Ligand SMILES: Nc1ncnc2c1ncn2[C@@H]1O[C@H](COP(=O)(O)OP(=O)(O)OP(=O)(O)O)[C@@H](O)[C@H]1O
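Before any questions on how it binds or moves, here is one chain, the form predicted on its own, in structure tokens.
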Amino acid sequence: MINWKTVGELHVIQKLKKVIESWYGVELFYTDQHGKIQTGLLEKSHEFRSHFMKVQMLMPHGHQYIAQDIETIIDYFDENPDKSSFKFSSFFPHVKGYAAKIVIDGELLGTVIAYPFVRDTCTTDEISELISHVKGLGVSDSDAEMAVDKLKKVSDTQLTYITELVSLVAEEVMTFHAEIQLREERISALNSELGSKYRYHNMIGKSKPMQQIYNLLTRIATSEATILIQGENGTGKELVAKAIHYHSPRKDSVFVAQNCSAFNDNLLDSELFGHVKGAFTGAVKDKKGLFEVANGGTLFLDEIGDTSLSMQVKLLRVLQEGTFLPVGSTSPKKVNVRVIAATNKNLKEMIAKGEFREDLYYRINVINVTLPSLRERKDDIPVLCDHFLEKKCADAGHPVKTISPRAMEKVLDYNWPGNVRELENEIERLVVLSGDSKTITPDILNPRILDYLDAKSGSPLSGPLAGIKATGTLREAMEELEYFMIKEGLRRCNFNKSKLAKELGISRAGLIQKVDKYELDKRALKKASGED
């Protein structure tokens, strides 16, 4: 839609409007595609350029007369889509106006109208006829004569100028709207690009593993297939399930989540399938199960690997047939539910041990989404830290804090067994402990993070020398220090050798020689850390 207020404030349109109104004594105004006037013409405070128009708008039905003319204009453009302008005869005899249409993307979105004027060929008898007509509408003799006398008598040449100027105003409106639309599309595209690059629903990450997850979720957005999400605790399995639901055709229906490990078998049976009154002690009334609650929507079954074999049989039935029996009932119920399951266990190993049904595994694993652990996507740690800092600082009423480079090194060194959930909890803890300080320093990090490398190496040294032996020859110690600095520097600089060489104060060729000497190429480091 056109922002008419902004259009009216454009400098070039204001100038054109002033020229048209002052030269030809007309009113220049706009209408939308429905014929509604989109200027201050109808306001009591409006200062009219045309005395005839002022008199007309003071008539008892003056608004209706102009509305009738506008309707004629809209009808003409609808019936003549190839025409861009229209010289029309108004409700008043011999009074003319000129309209140019505003078309955006092939659709009529409004008009620009210049009104009123008479032709210079208008005879004395025609002018008298017009005056009589105005008087007959309840206008005094003097007002009617003055209104008609002040009408601009337009020659053919002047009409050509009016035509060109009004059409120019319409073109400026269309150009402005097209530029605004282009800018909004560009902003939308950039936002979409950033969103797809670093975010999907409430998941955040720019690393390659997360980009692969986002691409997969985009491809399955319109699918109704059952999905199995696998990943360690804290990797965000429920976030993925919600993202799938809210990007699916069921997004306007309910999303229900249930952790299968939270109940024993009997309670889970009642929770999922419901029960009837008197089914067991305490069942004082009928209760709907989550499958029934989620009818038409999505049911997320977290930790499905913790269900018993008997429960797996019931789940398989409802997945295959869409029917289930509430506890204590003899009448099956039918539902239409999309199931998304999740687990942190290796279901194939459980199948081999007879702990998980193979038929259920293949029924829930139509599409598999495997979430990477945080240690497999360390590029995302700074992005996640910024996100959690902004969120936790806002919750606590603090200005946004930053993490010092040394503290960030420690955060990156840690292996985060609790994944994103553990990182979020640590950031919340740091926001509280840092008080009024704007910078988070290493000293307030959790000891398990601060001492992670020391504990892993068993070294008696700490700080930047953690992992380096304090015994042996000086040359051996220097080589070990050199090895350590280059190894950690490569990780920190994401294997950008030019950047690291500059940091270490050596040439890039010299650094490459040392990388080869210590076998510190990217592939060797990944293999040594067990990432391959």
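So that there is no doubt, residue numbering starts at 1 and follows the sequence shown. Quick caveat, the model's predicted, so the values are computed rather than measured.
We do not show the form predicted in complex with the named molecule, though everything after this point is about it.
The putative spot formed by Ile204, Thr235 and Glu238 is fully lined by the named molecule in the model of the complex; each residue has a non-hydrogen atom within 4.5 angstroms of it.
Looking at 358-366, 417-425, 104-112, 117-125, the stretch with residues near the named molecule in the model of the complex, meaning non-hydrogen atoms within 4.5 angstroms, turns out to be 417-425. None of the heavy atoms of Asp269 is located within 4.5 Å of the named molecule in the model of the complex. The named molecule is not drawn, but in the model of the complex it has no heavy atom within 4.5 Å of Arg338. For the chain shown alone, Ser84 is not a contact residue for the named molecule in the model of the complex, no non-hydrogen atom being within 4.5 angstroms. Remark: Arg377 counts among the residues lining the named molecule in the model of the complex, judged by a heavy atom distance of 4.5 Å or less. Proximity to the named molecule in the model of the complex, defined as a heavy atom within 4.5 Å, holds among Tyr246, Phe88, Phe388, Tyr161 only for Phe388.
For the options Asn446, Asn344, Gln211, Asn295, the one in contact with the named molecule in the model of the complex, meaning a heavy atom within 4.5 Å, is Asn344.
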